[in-house]
Structure formats: structure tokens, C-alpha cells
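In C-alpha cells, the next block holds one chain alone, the form predicted alone.
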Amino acid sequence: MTQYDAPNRDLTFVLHEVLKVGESDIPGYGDLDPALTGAVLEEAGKIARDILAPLNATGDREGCTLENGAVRTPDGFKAAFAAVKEGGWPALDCDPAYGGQGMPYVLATAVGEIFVASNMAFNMYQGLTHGAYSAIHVHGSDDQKATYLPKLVSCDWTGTMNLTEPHCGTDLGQIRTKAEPQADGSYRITGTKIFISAGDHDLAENIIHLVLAKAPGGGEGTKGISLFIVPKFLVKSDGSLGARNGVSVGKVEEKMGIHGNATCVLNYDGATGYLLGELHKGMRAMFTMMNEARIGVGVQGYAVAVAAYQNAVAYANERLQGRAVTGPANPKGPADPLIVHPDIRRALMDQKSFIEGARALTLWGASLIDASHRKGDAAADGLISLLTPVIKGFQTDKGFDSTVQAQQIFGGHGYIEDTGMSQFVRDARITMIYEGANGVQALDLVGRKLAQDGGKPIMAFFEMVKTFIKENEGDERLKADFLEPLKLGSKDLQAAAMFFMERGMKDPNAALAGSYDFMHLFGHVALGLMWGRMAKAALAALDAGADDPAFYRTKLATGRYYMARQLPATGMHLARIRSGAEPVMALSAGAF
């Protein structure tokens, strides 16, 4: 069985020594002192270790079953969900007006990493509920908020998002689900939705589906789409549950991974729905949920890698195999532990340097969301909009790679289901696909986000990197190992952006052919900036006589590894981008 321990020391380091949340002027951040965040993370870690992680293999092995029209979750999920609810975890950053605790999103994101790493499939039930809560909180009427939000905040009811249909995924303009207006102001929803995570289950009293559908008069394409609240059970005027609505489960999908989450085909047969937001402007409301979900998937990308890495480290220290080329490290034993071998070290350092950089980038992104929502910071809003496809796309690609590397350290035992390493690989794979496949994230980044607001966000990022380098170039301990590599990577990123500006209008295929490489180039530079910031914080702690100097020395060594061995990939990505569309588009369709 795999093991998991919450990385609270590193989470605390990022929150308090890198982001310095307690010193921020973002409303609510003044409450985030180390005592509070430490207590929250410690309790989250206990639940993850003692309740969620032991169910991870159970969920994978048993999966969800459809019996007489109802979905049953794996053994132990009900009790675990009750424990999470009782602890108030789903309400952590929700509005106090509806029963939430009102904590900043950055703390909820740190807790989210812990829960995802311990049991990704389980955490999706409450994660999707939070997305439904956010959409209704932003776009719902006062009556809708009063009816649905308290129950979603407590997770007495859970939520879903219903976009995909059998014939269309990303191209939502093709959806066929219909919404027919009724005399009482409601709509009759008819159609089929597929790949609906947490679509049905036995964990909550009711499930609130947010469904994209086309109402009359909307026209063609996405402009004609509206968003509707469609409860599994209708809600009476007094808040109690009424009759079963016209929504049923067609099947539970058999998937590669996340078996513990019920991914359903949902059939809507004249189901009663209620318009959420403005008519024919459903994409605006749905994107409130989708953008949050994309950050959440970015968390999943590196969080599953955290769990895989922890188990790979333990195995590398325990498994005896071969001898160190410099002489026996375990002379009294038949062989040395795997961790003595340089290639094993390389694989572990690849994982460790990515994970810790991604953690810092994601928590910084969460703080930008807090700055946008809590203080109306337009610059922060623009920057997180730019970074969202990077956090989602780059981190899930690299997170999956990390789980494969962790599995590889186990050798043949990693391929055997008993060790549990296969599950990490299989679970991580979906993160590259859902909430907008990573190719779509790359297209969004290059096709929309670079040019948004006249290019202000990307220019602000460049200036941020430049300022960090300039402010710290006097510290020789940072200069060669961190600042110079960051400067080179940033120049590659700027050169790539300039290539798109010069060639994009004349040859759109050239920009789109390089979009995936640009997303990864951007991801590497973003993690490089994070490593620069973490190195600065680590040096400051050592200068101040930190009680645990080994932690900070390890942090610096890990950062040097990333800057020396990973960040130079920006040059490769730039070369690919500059090759343009010709190599990509050279073959006719029939030549493949």
C-alpha cells in the first residue's frame, strides 16, 4: 500500500517566507499567521493520512457501480465524506453569509493539494461542488443563492458541471441539449451529457447540476448557449426536497483512472431547470466555474506527483540493487540502496524540483486570485488569466511525467498493481485532458491570452522577472546559479512572443504550431522565477540563523538543479517555435 504525508513544512515555507501572506494588504491575509495556517494544514494532513489516503487504493480497486438507476461509491467513501463535511473543509473559503468560513483562496489551495495528493478521485466530489458554488455565487439571483449555496457550502448537496455531449467536447457551439421555456419561468431540459464527473453518487442528499443548453432565440454557436440549474431532486419553497427530476444515469464510464469518482452519462428527459445568469450568455457563467476548475486541475497535476514522489523516495532508500560506482555504500549488505545511483538521483531530482516549483507557482496564482476578488486588483486579474493555461497545461504535463518517473524507480514492481504506483500514473493522466485538453490550453494562451488587454499581462510578467533580477543581482550567491539562467530563459520567452507578434497575423499556423512549445517555455520560466524567489527566501533564513538550516540548504540545492537541468529547455522550445508551421504542416492528410 502506498503512503502519504502532507508536506506542511514546504507549504508553510511558500506561504510565509516566499509569499509572506501575513504581510500582504489583501483583505483577510492579516489573519494568516503561522499559528493559524499551521493548525489548518496539520489537521488537513491528519485527515489525508488517516482517512483519505487509505481509501485511495480501495476506490481504484472497487470503482463506482450503477445499481437500479443509482450510483454506489466505494466502501468507506461515505464515512470519509461525512468526516470531511463535519470538519467544515468544503466551507473553508466560502462566503460566511452562506455558512462558509471566509478564509482566503490561497489557504484553501494549500489544503486542496493535501486532499488531492491523498485521494484525487475522492476530492473531486467536493471540488466540483465548490465550482458550482462559485458559479451560483457570482451569477445567481438572491433566491437562487439562498436556496442552493448553504447546502453546497456544507456539501449536504454536491454540484457538477455539464458541458460535453457525445458529438462535441471543446467545440461547445455544437451542443444539442435543448431548453424549452415554461409558463412558470422554468425550462424543460432535454439532451444527453457525457463525462460528468461526480454525476451521481450516494454521498449527498441532492446533486445540483449546472447544464449548458440552447434556449430558443439564441442563434448559432456558443453565443446561443445558456446555463441552467438542474437539481437531481426538485427543491420545494421551504427548502425541503421534492420529486425526482427528469435526469437519470445512462451509465458509469469505465476509465483508465480516478475509478473512485463516478463519471456518468446523464440523460435529461424534460428535466426542470432554472436559468443561471443571463439568457444566451451561459458561457460567461460557466467560465466562472471552468477557470476555477482549471486552477484546481493544475493542483491535481503536481499533487498526484507529490504522492508518487514520496513513495519513490521511500523505495529508492529501501530497495537494495547494485553497488555504487565509487564503492559500496552498504558494505554489510548484499547490495546498495537504489538511491546511491546517479540516474535514480536524477529522476528524483527531476520530480522534486518540479513539484516544489509548481507548488510555489500555484500558491502564487491563488494569491493573485485573492488579490483580484478581495481587493479588485485588475493587474492581478490579468496576470492570473494569463497564467491559468500555464498552470493547468504545463503542470499537468510535467506532473504526469513525474508520476511515470516515480513508477520507473520501482522497475518491474512499479508495473505491478500491488505497489500502487500504476494508480498514480493512471489518475494523473486525466488531468492533461479534462477542463480543456492541454492543446486547447496552449491555443488559448497564444491565441487569446498573449494579446488580452493590449498585451499588458505578458508585459507585466516580463517586467516582474526583469525587476527581480535587477533587485538581486548584487547577491553573488544568487547571480550565477539563479539570476543568469532566469535571464536567459526570460529572453527566450520574449523572443518567442516576438515571433508570434511578427508572424502570427501573416501566418496563423506558425503561431498555432508553436503554441504547445510556448506553453512549456512559459512554464519553465515561471518556475524559474519561483525558484529565484525561493532561493532568496532560503538565503535570508540562513542569514538569520534558521533553526533548521538543512531544510534551506536542501531548498537551494534543489533550485540549483532546476535552473541547471530543467530551465535550459527554454532554448529547445524556442528553436521549435522558430521553425514555424512548415515542418508541422508539410504532409497532406492522406500521408499520415
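Throughout, we count residues from 1 along the sequence that is shown. What you see is a predicted model, and the numbers here were worked out from it, not measured in a lab.
Beyond what is shown, the protein has a form predicted in complex with another copy of the chain; the following relates to that form.
In terms of contact with another copy of the chain in the model of the complex, the residue from 376, 96, 219, 334 that brings a heavy atom within 4.5 Å is 334. Residue in contact with another copy of the chain in the model of the complex (any heavy atom within 4.5 Å), chosen from 215, 108, 340, 486: 340. Contact with another copy of the chain in the model of the complex, defined as any heavy atom within 4.5 Å, is confined among 144-152, 100-108, 436-444, 179-187 to 436-444. Contact check at 4.5 Å (heavy atoms) against another copy of the chain in the model of the complex: none of 5, 115 and 494 pass. Shown alone here, residue 156 lies farther than 4.5 Å from another copy of the chain in the model of the complex, counting heavy atoms only. Among heavy atoms of residue 474, none comes within 4.5 Å of another copy of the chain in the model of the complex. Another copy of the chain in the model of the complex is approached by residue 411, whose closest heavy atom lies within 4.5 angstroms of it. Under a 4.5 angstroms non-hydrogen atom cutoff, another copy of the chain in the model of the complex lacks residue 12 among its neighbouring residues. Contact residues in stretch 283-319 (any heavy atom within 4.5 Å of another copy of the chain, taken in the model of the complex) are 309, 313, 317, 319.
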